[in-house]
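One chain is shown next in C-alpha coordinates, namely the form predicted alone.
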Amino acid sequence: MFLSVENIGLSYQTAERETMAVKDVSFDVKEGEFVSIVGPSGCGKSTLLSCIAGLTVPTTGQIIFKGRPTDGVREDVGYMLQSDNLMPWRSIYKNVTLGLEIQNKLTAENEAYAQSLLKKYDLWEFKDSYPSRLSGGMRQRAALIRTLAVKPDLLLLDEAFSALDYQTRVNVSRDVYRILRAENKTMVMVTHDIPEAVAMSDRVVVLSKRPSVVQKILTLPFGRRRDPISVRGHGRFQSFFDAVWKEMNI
(Lines give C-alpha, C1' and ligand atoms only; values in the text may rest on other atoms or scores of the structure.)
Protein backbone atom coordinates (compact mmCIF):
# COMPACT_ATOMS: atom_id res chain seq x y z
CA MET A 1 0.00 0.00 0.00
CA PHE A 2 1.03 3.60 -0.65
CA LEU A 3 0.09 4.58 2.92
CA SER A 4 -0.64 2.26 5.84
CA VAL A 5 -1.92 3.42 9.21
CA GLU A 6 -1.15 0.51 11.51
CA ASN A 7 -2.72 0.20 14.98
CA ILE A 8 -2.26 3.87 15.84
CA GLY A 9 -2.94 4.84 19.43
CA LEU A 10 -2.36 8.18 21.11
CA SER A 11 -2.67 9.11 24.78
CA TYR A 12 -2.35 12.47 26.52
CA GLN A 13 -0.90 12.71 30.01
CA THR A 14 -2.23 15.39 32.35
CA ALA A 15 -1.51 16.01 36.02
CA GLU A 16 -4.70 14.16 36.95
CA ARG A 17 -4.77 11.22 34.56
CA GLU A 18 -3.94 9.74 31.19
CA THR A 19 -6.50 10.28 28.43
CA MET A 20 -6.61 7.98 25.43
CA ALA A 21 -7.64 9.95 22.31
CA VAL A 22 -7.03 7.32 19.63
CA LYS A 23 -7.12 3.68 20.66
CA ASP A 24 -6.38 1.36 17.73
CA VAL A 25 -6.83 2.80 14.23
CA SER A 26 -5.76 0.98 11.07
CA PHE A 27 -6.50 1.58 7.40
CA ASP A 28 -4.67 1.71 4.05
CA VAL A 29 -4.63 4.24 1.22
CA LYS A 30 -3.81 3.29 -2.36
CA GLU A 31 -1.79 5.54 -4.63
CA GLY A 32 -4.07 8.05 -6.36
CA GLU A 33 -6.92 7.40 -3.93
CA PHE A 34 -9.01 10.02 -2.09
CA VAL A 35 -9.86 8.88 1.44
CA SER A 36 -11.87 10.91 3.96
CA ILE A 37 -11.84 10.48 7.73
CA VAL A 38 -15.03 11.40 9.58
CA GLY A 39 -16.19 10.90 13.14
CA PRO A 40 -17.83 12.57 16.13
CA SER A 41 -16.47 15.89 17.35
CA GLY A 42 -13.41 15.43 19.54
CA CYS A 43 -12.72 11.86 18.41
CA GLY A 44 -9.16 12.60 17.29
CA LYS A 45 -9.51 13.03 13.51
CA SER A 46 -7.06 15.94 13.27
CA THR A 47 -4.71 14.26 15.75
CA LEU A 48 -4.61 11.21 13.52
CA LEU A 49 -3.86 13.37 10.48
CA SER A 50 -1.07 15.04 12.43
CA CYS A 51 0.43 11.60 13.08
CA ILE A 52 0.30 10.82 9.34
CA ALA A 53 2.02 14.15 8.63
CA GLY A 54 4.80 13.30 11.09
CA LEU A 55 3.98 16.27 13.31
CA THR A 56 2.77 14.09 16.21
CA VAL A 57 4.39 10.88 17.39
CA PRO A 58 1.79 8.21 18.18
CA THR A 59 1.92 6.38 21.50
CA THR A 60 1.52 3.03 19.77
CA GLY A 61 1.52 1.78 16.19
CA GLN A 62 3.21 3.18 13.13
CA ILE A 63 2.65 4.98 9.83
CA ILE A 64 4.13 3.29 6.76
CA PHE A 65 4.52 5.63 3.77
CA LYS A 66 5.86 4.31 0.46
CA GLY A 67 7.17 1.20 2.17
CA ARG A 68 9.01 2.90 5.05
CA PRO A 69 7.97 3.93 8.58
CA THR A 70 7.61 7.68 8.92
CA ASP A 71 10.06 9.45 11.20
CA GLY A 72 9.19 13.11 11.53
CA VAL A 73 8.04 15.60 8.90
CA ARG A 74 8.60 14.64 5.25
CA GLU A 75 9.02 17.00 2.31
CA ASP A 76 6.93 14.72 0.07
CA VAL A 77 3.83 15.16 2.27
CA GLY A 78 1.76 18.32 1.86
CA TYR A 79 -0.52 19.57 4.65
CA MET A 80 -3.38 22.00 4.00
CA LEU A 81 -5.24 23.48 6.99
CA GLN A 82 -8.65 25.15 7.26
CA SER A 83 -6.98 28.57 7.32
CA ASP A 84 -5.23 29.48 4.08
CA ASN A 85 -2.34 31.01 6.12
CA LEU A 86 -1.39 33.32 3.26
CA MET A 87 1.04 36.00 4.40
CA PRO A 88 -0.68 39.37 3.91
CA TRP A 89 2.56 41.23 3.11
CA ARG A 90 3.52 38.86 0.28
CA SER A 91 1.99 38.81 -3.19
CA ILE A 92 0.08 35.73 -4.32
CA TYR A 93 3.09 34.64 -6.35
CA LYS A 94 5.40 35.07 -3.38
CA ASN A 95 2.95 33.13 -1.22
CA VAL A 96 2.72 30.31 -3.75
CA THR A 97 6.51 29.96 -3.91
CA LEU A 98 7.01 30.18 -0.12
CA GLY A 99 7.28 26.41 0.34
CA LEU A 100 9.90 26.23 -2.38
CA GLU A 101 11.89 28.94 -0.60
CA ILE A 102 11.69 27.13 2.75
CA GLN A 103 12.82 23.85 1.19
CA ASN A 104 15.59 25.57 -0.82
CA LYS A 105 13.96 24.40 -4.04
CA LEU A 106 13.33 27.75 -5.72
CA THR A 107 14.83 26.63 -9.01
CA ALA A 108 13.85 27.85 -12.48
CA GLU A 109 12.16 24.51 -13.13
CA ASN A 110 10.09 24.63 -9.95
CA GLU A 111 9.17 28.28 -10.48
CA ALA A 112 7.98 27.40 -13.97
CA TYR A 113 5.82 24.65 -12.48
CA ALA A 114 4.32 27.06 -9.92
CA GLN A 115 3.61 29.55 -12.71
CA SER A 116 1.94 26.84 -14.79
CA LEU A 117 -0.35 25.99 -11.84
CA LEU A 118 -1.33 29.65 -11.42
CA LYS A 119 -2.18 29.87 -15.11
CA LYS A 120 -3.95 26.52 -15.24
CA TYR A 121 -6.17 27.33 -12.27
CA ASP A 122 -7.03 30.93 -13.14
CA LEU A 123 -4.90 32.87 -10.66
CA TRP A 124 -2.15 34.11 -12.96
CA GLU A 125 -3.69 37.55 -13.43
CA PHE A 126 -3.71 37.94 -9.62
CA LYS A 127 -0.09 36.86 -9.10
CA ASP A 128 1.00 40.37 -8.09
CA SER A 129 -2.05 41.01 -5.90
CA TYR A 130 -2.05 40.65 -2.14
CA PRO A 131 -4.30 38.13 -0.32
CA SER A 132 -6.66 40.85 0.94
CA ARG A 133 -7.72 41.48 -2.67
CA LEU A 134 -8.87 37.90 -3.24
CA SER A 135 -12.11 36.16 -2.32
CA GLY A 136 -12.09 33.31 0.18
CA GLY A 137 -12.34 30.73 -2.57
CA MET A 138 -9.46 32.24 -4.53
CA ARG A 139 -7.32 32.34 -1.39
CA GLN A 140 -7.94 28.62 -0.82
CA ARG A 141 -6.95 27.91 -4.42
CA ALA A 142 -3.75 29.91 -3.87
CA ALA A 143 -3.05 27.93 -0.68
CA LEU A 144 -3.59 24.68 -2.57
CA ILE A 145 -1.24 25.76 -5.37
CA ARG A 146 1.37 26.66 -2.74
CA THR A 147 1.06 23.11 -1.41
CA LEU A 148 1.20 21.53 -4.87
CA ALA A 149 4.19 23.64 -5.95
CA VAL A 150 6.54 21.53 -3.81
CA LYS A 151 5.24 18.42 -5.62
CA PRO A 152 4.08 16.33 -2.63
CA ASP A 153 3.28 12.66 -3.19
CA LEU A 154 0.63 12.72 -0.45
CA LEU A 155 -1.70 15.60 0.34
CA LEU A 156 -3.42 15.93 3.73
CA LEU A 157 -6.47 18.19 4.04
CA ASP A 158 -7.55 19.13 7.56
CA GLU A 159 -11.00 20.74 7.45
CA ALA A 160 -9.64 22.69 4.48
CA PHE A 161 -12.96 24.31 3.53
CA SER A 162 -14.64 24.83 6.90
CA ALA A 163 -13.73 28.54 7.16
CA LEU A 164 -15.80 29.33 4.04
CA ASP A 165 -19.50 30.09 3.82
CA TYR A 166 -21.63 27.18 2.59
CA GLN A 167 -22.04 28.18 -1.08
CA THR A 168 -18.35 29.07 -1.42
CA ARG A 169 -17.38 25.88 0.40
CA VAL A 170 -19.31 23.65 -2.02
CA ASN A 171 -17.91 25.44 -5.08
CA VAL A 172 -14.34 25.47 -3.75
CA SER A 173 -14.48 21.78 -2.82
CA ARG A 174 -15.43 21.05 -6.44
CA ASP A 175 -12.56 23.22 -7.72
CA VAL A 176 -10.09 21.57 -5.37
CA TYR A 177 -11.33 18.10 -6.28
CA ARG A 178 -10.81 18.78 -9.98
CA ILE A 179 -7.35 20.21 -9.39
CA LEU A 180 -6.24 17.30 -7.24
CA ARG A 181 -7.57 14.72 -9.67
CA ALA A 182 -5.93 16.53 -12.59
CA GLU A 183 -2.60 16.48 -10.72
CA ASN A 184 -3.16 12.79 -9.84
CA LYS A 185 -2.52 13.26 -6.12
CA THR A 186 -3.13 10.82 -3.28
CA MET A 187 -5.28 12.49 -0.63
CA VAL A 188 -6.44 11.99 2.95
CA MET A 189 -9.03 14.49 4.14
CA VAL A 190 -10.39 15.07 7.64
CA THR A 191 -13.85 16.64 7.65
CA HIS A 192 -16.88 16.87 9.93
CA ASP A 193 -19.06 17.44 6.85
CA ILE A 194 -20.58 14.09 5.81
CA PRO A 195 -21.95 15.32 2.42
CA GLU A 196 -18.48 16.68 1.60
CA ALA A 197 -16.86 13.34 2.43
CA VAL A 198 -19.38 11.35 0.38
CA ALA A 199 -19.23 13.76 -2.58
CA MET A 200 -15.43 13.78 -2.87
CA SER A 201 -14.06 10.46 -1.64
CA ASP A 202 -13.32 7.02 -3.01
CA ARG A 203 -13.63 5.65 0.53
CA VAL A 204 -14.77 7.06 3.87
CA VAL A 205 -13.17 5.92 7.13
CA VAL A 206 -15.68 6.37 9.98
CA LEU A 207 -14.17 6.71 13.46
CA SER A 208 -15.99 6.01 16.70
CA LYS A 209 -16.26 8.41 19.61
CA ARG A 210 -13.16 8.81 21.79
CA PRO A 211 -11.09 6.73 22.23
CA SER A 212 -11.27 6.23 18.48
CA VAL A 213 -11.36 2.97 16.62
CA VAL A 214 -12.38 2.43 13.00
CA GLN A 215 -16.13 1.92 13.10
CA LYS A 216 -16.47 1.19 9.38
CA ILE A 217 -14.88 1.87 5.99
CA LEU A 218 -17.32 2.62 3.18
CA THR A 219 -16.40 2.35 -0.51
CA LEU A 220 -18.21 4.84 -2.74
CA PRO A 221 -19.25 4.04 -6.32
CA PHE A 222 -19.21 7.47 -7.96
CA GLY A 223 -15.89 7.24 -9.84
CA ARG A 224 -12.91 9.57 -10.18
CA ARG A 225 -14.43 11.65 -13.00
CA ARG A 226 -17.35 12.79 -10.86
CA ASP A 227 -18.56 16.33 -10.28
CA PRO A 228 -18.81 16.58 -6.47
CA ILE A 229 -21.78 18.93 -6.75
CA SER A 230 -23.70 16.71 -9.20
CA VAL A 231 -23.00 13.66 -7.03
CA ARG A 232 -25.10 15.23 -4.27
CA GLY A 233 -28.13 14.64 -6.50
CA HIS A 234 -27.22 11.02 -7.28
CA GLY A 235 -29.84 8.45 -6.36
CA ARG A 236 -27.48 6.63 -3.98
CA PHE A 237 -26.00 9.71 -2.31
CA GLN A 238 -28.57 9.80 0.50
CA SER A 239 -28.10 6.13 1.32
CA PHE A 240 -24.36 6.63 1.80
CA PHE A 241 -24.97 9.75 3.88
CA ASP A 242 -27.34 7.72 6.07
CA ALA A 243 -24.80 4.88 6.40
CA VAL A 244 -22.05 7.25 7.58
CA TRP A 245 -24.43 9.06 9.94
CA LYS A 246 -25.55 5.76 11.46
CA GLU A 247 -21.99 4.59 12.11
CA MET A 248 -21.02 7.93 13.68
CA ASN A 249 -23.90 7.70 16.13
CA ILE A 250 -23.45 4.13 17.34
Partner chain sequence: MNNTRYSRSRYLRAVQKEKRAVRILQLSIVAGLLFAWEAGTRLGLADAFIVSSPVRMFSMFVTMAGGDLARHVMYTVGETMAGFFLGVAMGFGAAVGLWYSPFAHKVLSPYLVVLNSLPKVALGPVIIVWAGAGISAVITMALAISLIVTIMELTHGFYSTDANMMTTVQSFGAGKWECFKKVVMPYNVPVLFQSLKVNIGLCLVGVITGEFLVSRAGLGYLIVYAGQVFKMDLVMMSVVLLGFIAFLMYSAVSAAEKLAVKIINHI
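Nothing here was measured: the structure is a model prediction, and the numbers come from that model. Numbering follows the first chain given and starts at 1.
As for the form predicted in complex with the partner chain, it is not shown, yet the points below apply to it.
Residue 79 within 4.5 Å of the partner chain in the predicted complex, heavy atoms: Yes, residue 79 lies within 4.5 Å of the partner chain in the predicted complex.
Proximity of residue 141 to the partner chain in the predicted complex, heavy atoms at 4.5 Å: No, residue 141 is distant from the partner.
Partner contact for residue 107 in the predicted complex: the partner chain, 4.5 angstroms, heavy atom: No.
Residue 150, heavy atom within 4.5 angstroms of the partner chain in the predicted complex: Yes.
The partner chain: the contacting residue among 127, 120, 178, 90 in the predicted complex [heavy atom, 4.5 Å]: If I apply the 4.5 Å criterion carefully, the residue I get is 90.
Partner-contacting position among 213, 217, 64, 55 - heavy atom within 4.5 Å of the partner chain in the predicted complex: Among 213, 217, 64, 55, a heavy atom within 4.5 Å of the partner chain in the predicted complex occurs only for 55.
Residues of 101-130 having any heavy atom within 4.5 Å of the partner chain in the predicted complex, listed in sequence order: Heavy-atom contacts to the partner chain in the predicted complex: 101, 102, 103, 130.
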